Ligand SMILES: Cc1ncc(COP(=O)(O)O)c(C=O)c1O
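Shown here is one chain on its own, the form predicted alone, set out as structure tokens.
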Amino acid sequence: MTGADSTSLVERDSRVLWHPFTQHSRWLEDRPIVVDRAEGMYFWDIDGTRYLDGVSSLWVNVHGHAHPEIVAAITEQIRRLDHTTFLGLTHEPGIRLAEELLGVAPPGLQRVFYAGDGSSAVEAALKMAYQAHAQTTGVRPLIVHLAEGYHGDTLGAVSVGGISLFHETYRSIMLETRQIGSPGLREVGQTPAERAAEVLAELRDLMAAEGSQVCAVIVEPMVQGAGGMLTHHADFLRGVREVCDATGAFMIADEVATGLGRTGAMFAVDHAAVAPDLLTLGKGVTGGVLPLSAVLATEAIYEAFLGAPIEAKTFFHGHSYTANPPAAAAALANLNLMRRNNTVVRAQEIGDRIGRNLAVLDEHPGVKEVRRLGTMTGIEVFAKTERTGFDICQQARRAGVWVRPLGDVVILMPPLALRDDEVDQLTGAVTDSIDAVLG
């Protein structure tokens, strides 16, 4: 847009910016891409090179970039109402979106509370769980979470995270929680069902000892994304639901990453046919265009906050941009496209094709394991260098495919409207890159 070249822009960037999850001592050496524009399944750098967006721009894009129907919905909404507070006011896009979300949500979820991003939705859900108990059954200060779990980067969300690399630094300033094992971390020869039973036994023992103090159990259903696409058996979710029912704790399903088709179901809890008490969603809710997230809650939790003003039972929580109308309009257009295009079914088809294409890696000497549910895919490789996963992704970049690693796990999580030839382009570039780096 300014005529500047990528080298000068990266140098300017390095003088003024601080990027997330980025070690800036390597920033210039890693030759970051300066993105100029995006359309469909691709984006272009400022020098004109095209890249297939193999991770949906951090797991958010659904129908491709700049989809004309979503762009039109946002434009029309901005012309009519750009923004207004949701504190003491309401608007039709926010109302309609809540109705649409509840129409596709697991049974029993009847209220929508809007937030801004996944982490802020988790923060709201944790506070809801705590306050609802405090105003009904009494204070229950503990939250149970999983090893290798990830729920965002604000302090409450970090408190229920279980990835040492991300979370251990802040342990002394976190909420008091209880952690159980990851149902996705299996011993050699252990089946997913056996591992699910093992972690459920750990949960039952914990709840037998401290269940009266636990207000909620929070899980990423079916796939622990940032943990490296660790998949687990649906029995685990069914067991968590049973334990929560028996002890009165709320079940929180964090579907920010797994929801809205990514696993081949509308929500990942659908694989287990269970419904949580609180469900968080974000990322793809607007089709990957504008930031928006939400907490879906049962009527019972909502009613725990009702009372005379003097009782101070109100949920004193909110954000300046809660229920931003253009974001709500984008989400409505996204859900309409998902219905019309059978996006959840297409996600199953894309995932199956990814699985077939990556079967060649099952016997690859450099690959430890390929994990996948729907389109959510992680290829764990044996470390050859300090940043083997990164090296593979850099190699794929040279082939015109953009993917990112989580340590030594190469992540594939493409838009849910990918064509078959684009799926083949993605998987082909990644398998070739693994061969190039690991032999």
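Source: prediction; values computed, not measured. Residue numbers here begin at 1 and follow the sequence given.
Omitted here: the form predicted in complex with the ligand. The next part is about that form.
Contact with the ligand in the predicted bound form, defined as a heavy atom within 4.5 Å, holds for exactly one of S119, T322, T177, T343, namely S119. Proximity to the ligand in the predicted bound form, defined as a heavy atom within 4.5 Å, holds among G152, G261, G94, G239 only for G152.
Contact check for A257: a heavy atom falls within 4.5 Å of the ligand in the predicted bound form.
For the chain shown alone, K283 is a contact residue for the ligand in the predicted bound form, at least one non-hydrogen atom being within 4.5 angstroms. Interface membership of E220, defined by any non-hydrogen atom within 4.5 Å of the ligand in the predicted bound form, is confirmed. The closest heavy atom approach of Y51 to the ligand in the predicted bound form falls outside 4.5 Å. Residues placing heavy atoms within 4.5 Å of the ligand in the predicted bound form fall in a single listed stretch, namely 248-256, out of 248-256, 362-370, 128-136, 165-173. Contacts of stretch 46-66 with the ligand in the predicted bound form, defined by any heavy atom lying within 4.5 Å, are made by W59 alone.
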